[in-house]
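The data below hold one chain only, encoded as structure tokens and taken in the form predicted alone.
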Amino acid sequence: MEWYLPVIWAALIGTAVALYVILDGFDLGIGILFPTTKSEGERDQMMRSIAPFWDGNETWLILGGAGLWVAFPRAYAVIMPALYLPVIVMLLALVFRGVAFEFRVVSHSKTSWNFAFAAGSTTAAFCQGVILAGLVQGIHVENGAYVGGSFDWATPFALMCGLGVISGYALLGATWLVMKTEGPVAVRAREQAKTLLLFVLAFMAAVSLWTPYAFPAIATRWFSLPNFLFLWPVPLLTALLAFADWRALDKGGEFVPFITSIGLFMLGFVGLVISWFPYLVPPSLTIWQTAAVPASQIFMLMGTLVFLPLALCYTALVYWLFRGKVKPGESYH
């Protein structure tokens, strides 16, 4: 049982991260798309489409961070010093956008809060891409501790990943608006989603080429035999999902573009897991080397197994209750 505990916790944290990317990704995408309209009424409609969901979506970020801290304390102790600056900027940006969301509703002048909401959303998305890149490109560890500098994460690869995540979240936001809104907002979002899909595919292709070239371990994982024989369906499924996404957008689909966009994110996530598992701190520390003692893992697991189904049921209930489209001029109060 002790051998499997780190695997269970890695799966739980991976699930929390995936849920966060999906659920908070589209409402961050709404903020990224905020500057694309000059109509305050359209911005109100965009905000109303996420108003019942946005704060609950960030629950999964807490579960992922707390799970890492408790279940893999050695990994937490290495990752945080290595990526402290992008992590703290991300958290401040999330706070900034949360305050902007609430104050915008009651403010007579919305201009400053519109800027705060868009800037906070874009900054948070960019920082998440930088954090992802910092992990993928590896963290310098000696004797179980981080020995690099405060800006080791600041590389061209990190810049590309930051811009890629912004594009990806904007795609999720645009397809969410296609699914959840009516009128000019939905029409514009459909055209934006087509352009954003091309950007996302370009960034995915760039990362897929960059990582094997820069990191021989990833090239070996993907292209050596017999691995290649088992892994080739991943890029094929990505291409098929992208085609289905584009076709649904072109043919007037509403639900399918959002689901296929989520699928693209999940396949990207699967690709990262394939590239680095079982390393939690690439390229040196595995999930077993960084795991807490079994007693701590079991204690937290007992609480998580109670909390996780409740959170999933609550999330499903909220999305069910607030199903349907948001129309122009409609209020959620």
Partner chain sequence: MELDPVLLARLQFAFTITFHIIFPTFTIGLSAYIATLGAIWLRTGAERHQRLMHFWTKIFAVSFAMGVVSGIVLSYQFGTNWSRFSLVVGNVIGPLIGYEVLTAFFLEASFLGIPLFGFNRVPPWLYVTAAAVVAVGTATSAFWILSANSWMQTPAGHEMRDGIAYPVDWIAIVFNPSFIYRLAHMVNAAYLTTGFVVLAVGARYALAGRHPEEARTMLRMAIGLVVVLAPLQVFIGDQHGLNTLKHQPTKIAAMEAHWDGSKPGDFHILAWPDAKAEKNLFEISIPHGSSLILTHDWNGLFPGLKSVPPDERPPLVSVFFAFRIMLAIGTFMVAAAFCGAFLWWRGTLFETRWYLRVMAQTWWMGFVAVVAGWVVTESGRQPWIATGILRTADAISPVSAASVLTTLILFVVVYGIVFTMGIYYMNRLIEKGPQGRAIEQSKDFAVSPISAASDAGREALGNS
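Positions refer to the first chain, counted from 1. Given the structure is predicted, the values throughout are model-derived calculations rather than measurements.
Form predicted in complex with its partner chain: not shown, discussed below.
The closest non-hydrogen atom of residue 202 lies beyond 4.5 Å of its partner chain in the predicted bound form. Of the heavy atoms in residue 88, some are within 4.5 Å of its partner chain in the predicted bound form.
Residue contact check for residue 288: none of its heavy atoms lie within 4.5 Å of its partner chain in the predicted bound form.
The closest heavy atom approach of residue 139 to its partner chain in the predicted bound form falls outside 4.5 Å. In terms of contact with its partner chain in the predicted bound form, the residue from 188, 74, 221, 194 that brings a heavy atom within 4.5 Å is 74. Listed residues 227, 208, 107, 155 were compared with its partner chain in the predicted bound form; 107 is the one with a heavy atom within 4.5 Å. Contact with its partner chain in the predicted bound form holds for all three of 55, 66 and 321, each having a heavy atom within 4.5 Å. Proximity to its partner chain in the predicted bound form, taken as heavy atoms within 4.5 Å, picks out 297-305 from the listed stretches 262-270, 277-285, 32-40, 297-305. Annotation for 82-98: interface residues with its partner chain in the predicted bound form are 84, 85, 87, 88, 91, 92, 94, 95, 96, 98 [heavy atom within 4.5 Å].
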